[in-house]
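First, one chain by itself: the form predicted on its own, in structure tokens.
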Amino acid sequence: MNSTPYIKLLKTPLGKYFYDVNKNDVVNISDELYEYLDTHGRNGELSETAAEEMEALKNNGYLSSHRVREIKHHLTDKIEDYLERKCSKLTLQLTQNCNFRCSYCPYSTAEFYTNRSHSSKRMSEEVAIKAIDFYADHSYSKQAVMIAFYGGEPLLEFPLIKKLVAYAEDVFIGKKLSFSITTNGSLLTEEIMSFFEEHNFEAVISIDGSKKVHDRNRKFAATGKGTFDTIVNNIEGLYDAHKDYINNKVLINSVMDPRLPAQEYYSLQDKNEMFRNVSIRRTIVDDFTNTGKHAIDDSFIEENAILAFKALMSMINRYPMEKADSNIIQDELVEKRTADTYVKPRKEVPDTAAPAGACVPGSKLFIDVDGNIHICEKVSETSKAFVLGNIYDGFDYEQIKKLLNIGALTAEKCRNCFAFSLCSICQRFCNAGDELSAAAKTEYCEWSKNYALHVFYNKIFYSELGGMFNKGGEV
């Protein structure tokens, strides 16, 4: 076993730190102790002051060399009981058809050959009802339940959605039932929006940013024309009658293509007043199933960094608030909350544990048009590795246990990794054909470590400048 302290050294222009994996905490230390830890004591003895500093840290449980002895998820031996009654969400793939052909969609082009493609396949009412019954049977310990509708474009099956909502409201009577839908927004009508509002729907609508960037990637299947005007006009026509609902229950999903100017993705709320109070989630285009990866241009990274810097400076009264992008300010506040949530002190890493990143397969049910159960909508539907069973025969628990314990694929690496508790490698990154692969998983280790470092440095940044935050103003 490794006898060195289970830590990751960190530094900024204002201070020296380490992240302690056992304690899940970032600690500010003296320059001398930092140097000592960095060189493993090879450069000489500590001064009396630094030695006392280290001793105090050790007395409080820091700088321990303790590592996980066995990589095993804590639910491994309880998974049957857990999934028997604690499934938290059901997502129904109502159709594999879509009226859009988006250039980055994993189903739209032959370029994305490792996943399914768009097709005319749709979920029958019989399969959908059976899926809802399956969810009801496996969620009886949950007071709050959610059913999500997914595609393709699920609003192509709106008549089916209405039947399923009525059925679910009957089945889950007495529970807090909510619905969600991911839609491209092109088929929204007064009838549909009123239905969403009446039946407690969260609606995720895809708009990528300005008309320029949106129309480049998101086009109608039938005509090849851009879709921005259709979506925005639909929402504008419904806004006055459904203002409170749109502001509180609609989320805009913006997929950022790194080949295009970053500023264009932050302009939607500035140019369209009705989106000022709507939440927007921005993500870089997901090219996991793409044989040719999207290169992130240096100018895109630099532009994002400048925008983020201006936002941060405005938050500490070093740049005019009105000149910073309010959307990015909100994103930065989310980053701060994320760091505070993920980095919370504890006693130590247990002897038996699994790295973070992998969800509990089956806890959120994704049911495809044929009734097969998958982990979620992001995994490859063509890989046998991610099929958890089906709604007729039930769960395949042996496969679920394998997926629950992807950390065991790279046990020694995981055991000594500083990002153990913040690992962001989920099951889909371990896919090689129909098998789970250690080599495939390892390809994403550096990416996961960089994310952990990002969280640590966010924690440090807000700690160092925490006393300077206010509402902003002139320099």
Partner chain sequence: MRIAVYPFNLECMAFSEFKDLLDADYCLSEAASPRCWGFAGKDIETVDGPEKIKKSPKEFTKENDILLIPDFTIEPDAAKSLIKEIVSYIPHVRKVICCAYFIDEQLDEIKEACKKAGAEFIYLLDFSAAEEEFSYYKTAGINEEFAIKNRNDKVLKEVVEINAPICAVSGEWEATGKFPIELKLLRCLRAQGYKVSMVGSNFCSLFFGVHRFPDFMLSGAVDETEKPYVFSRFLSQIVLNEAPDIMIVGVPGAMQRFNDQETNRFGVLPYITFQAMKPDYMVLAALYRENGKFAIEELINKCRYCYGVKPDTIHMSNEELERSDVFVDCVDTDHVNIDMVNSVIANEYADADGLVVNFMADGCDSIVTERLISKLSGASAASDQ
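These numbers come from a predicted model, not from an experiment. Residue numbers count along the first chain shown, from 1.
Here the subject shifts to the form predicted in complex with the partner chain, a form of this protein not shown in this document.
Q: Which of these stretches, 362-370, 92-100, 137-145, 377-385, has heavy atoms within 4.5 Å of the partner chain in the model of the complex?
A: It is 137-145 that comes within 4.5 Å of the partner.
Q: Sort through Val232, Ala356, Val204, Ile280 and report the residue having a heavy atom within 4.5 Å of the partner chain in the model of the complex.
A: Answer to the contact question: Ala356.
Q: Can you work out which of Lys176, Arg276, Lys271, Arg337 has a heavy atom no more than 4.5 Å from the partner chain in the model of the complex?
A: Only one option qualifies, and that one is Lys176.
Q: Kindly confirm or deny that Val171, Lys347 and Ser421 each have some heavy atom within 4.5 angstroms of the partner chain in the model of the complex.
A: Yes, all three are in contact.
Q: In the model of the complex, does Arg85 have a heavy atom within 4.5 Å of the partner chain?
A: Result yes; Arg85 sits at the interface with the partner chain in the model of the complex.
Q: I'd like to know whether Tyr342 contacts the partner chain in the model of the complex, with contact meaning heavy atoms within 4.5 angstroms.
A: Yes.
Q: Can Asp77 be called a contact residue for the partner chain in the model of the complex at 4.5 Å between heavy atoms?
A: Contact with the partner chain, yes.
Q: Even though the partner chain is not shown here, does Tyr167 get within 4.5 Å of it in the model of the complex, heavy atoms only?
A: Tyr167: contacts the partner chain in the model of the complex.
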